[in-house]
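Here we start with a single chain on its own, the form predicted alone, put down as structure tokens.
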């Protein structure tokens, strides 16, 4: 039985196009312009030609390319920019989107499939946008006997917790959303919320498959959080601090993976289990329990969980880079700015923009961000690689690995760190 497609009508296409333009303009006027005004009121305005720039004048500057840079400069120095754009949610979401696309293409190459291809001109690059629009437009179906408030809240809490995790990661010197003295403890405090949210989401669906997946996730996360924490004690011992920025700065000469490879290996394995990645994907084993604790989620609720999962993946990979691979440290590959630009500024038409106080244009920041991104992308590659190589392990072997073997390796790593510190190789008087 064949299905005949309806005839294409140019008038209908033009009407739908005009409808979309109308709604876009309406949303921009009702939401976009007020948001821009709020940001312009909050940020500290620059002084141009001896006069303090006002929010209303700054709005007119936004349509003039020669006068836009001072407004952007003022915006980049605010906490709003750090949270929304860099190094916060926007930066992490961009890397997460790239990870989704790269993973799908890589798995397709390994499994001799095409993968995302037909949507978009270059290797299916627009497939991400198509999938996002599909999730937004899909109906959200809630089970009749579900605990609806918790069912709705769990995906939102999952994304919020992942975003809080991202906020603790230093990307470049001075560029971190929340520079906490006890940053490493704050990381584990945030990670501790993931098992709670997972079991709440599974329980609220009132369905056996999500509940089985939630119980598996709880067992798995709890059993691997202990070796995850113990594997980092060696780094804390040799650095003497819990601040992630200070830990990164302490690796200016060499990364800690050189002296603590066992801790790095244990952390990486525990990280795979915390992320529920193959070979530790028992909570979402599609061949056994459909999709685990995600079974009853649909539409954008499912999309929020997927977004949170890949934000969490980025945060764990970045944490591995910060703790064991030197973070932003690396050879200086970004050339310094010309002296005349540093002293005289950049001429932009009728005004001169000084780069003083503009951290995004410093050589250290650009070079640090480059090395941080390259290292993080490399770690993400090794996180997603096992999906196309390894099979899923049994739950008894998984728990045995977490509670016995990895904890034993953690104590060996701690003894190595203690030996390096007391022998004077590392720490005060040593190499660092």
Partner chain sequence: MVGELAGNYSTVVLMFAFGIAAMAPALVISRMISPRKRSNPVKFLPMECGQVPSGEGRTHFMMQYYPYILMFVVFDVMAIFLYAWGAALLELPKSATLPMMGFLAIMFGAMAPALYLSGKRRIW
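Residue numbers count along the first chain shown, from 1. Values in this document were obtained by computation on a predicted structure and should not be read as measured data.
Omitted here: the form predicted in complex with its partner chain. The next part is about that form.
For residue 138, a non-hydrogen atom is located within 4.5 Å of its partner chain in the predicted complex, even though that partner is not displayed. Looking at residue 22, you'd find every heavy atom of it more than 4.5 angstroms from its partner chain in the predicted complex.
Shown alone here, residue 399 lies within 4.5 Å of its partner chain in the predicted complex, counting heavy atoms only. Although the partner is absent here, residue 13 sits far enough away that none of its heavy atoms falls within 4.5 Å of its partner chain in the predicted complex. At a distance of at most 4.5 angstroms from its partner chain in the predicted complex, all three residues 89, 164 and 236 contribute at least one non-hydrogen atom. For the options 79, 123, 131, 246, the one in contact with its partner chain in the predicted complex, meaning a heavy atom within 4.5 Å, is 79. A heavy atom within 4.5 Å of its partner chain in the predicted complex is found for one listed residue only; from 275, 212, 257, 95, this is 212. Exactly one of the stretches 371-379, 31-39, 385-393, 403-411 approaches its partner chain in the predicted complex with heavy atoms within 4.5 Å, and it is 403-411.
In the predicted complex, 141, 142, 143, 144, 145, 147, 152, 156, 157, 159, 160 are the residues of 141-160 with at least one heavy atom within 4.5 Å of its partner chain, listed from first to last.
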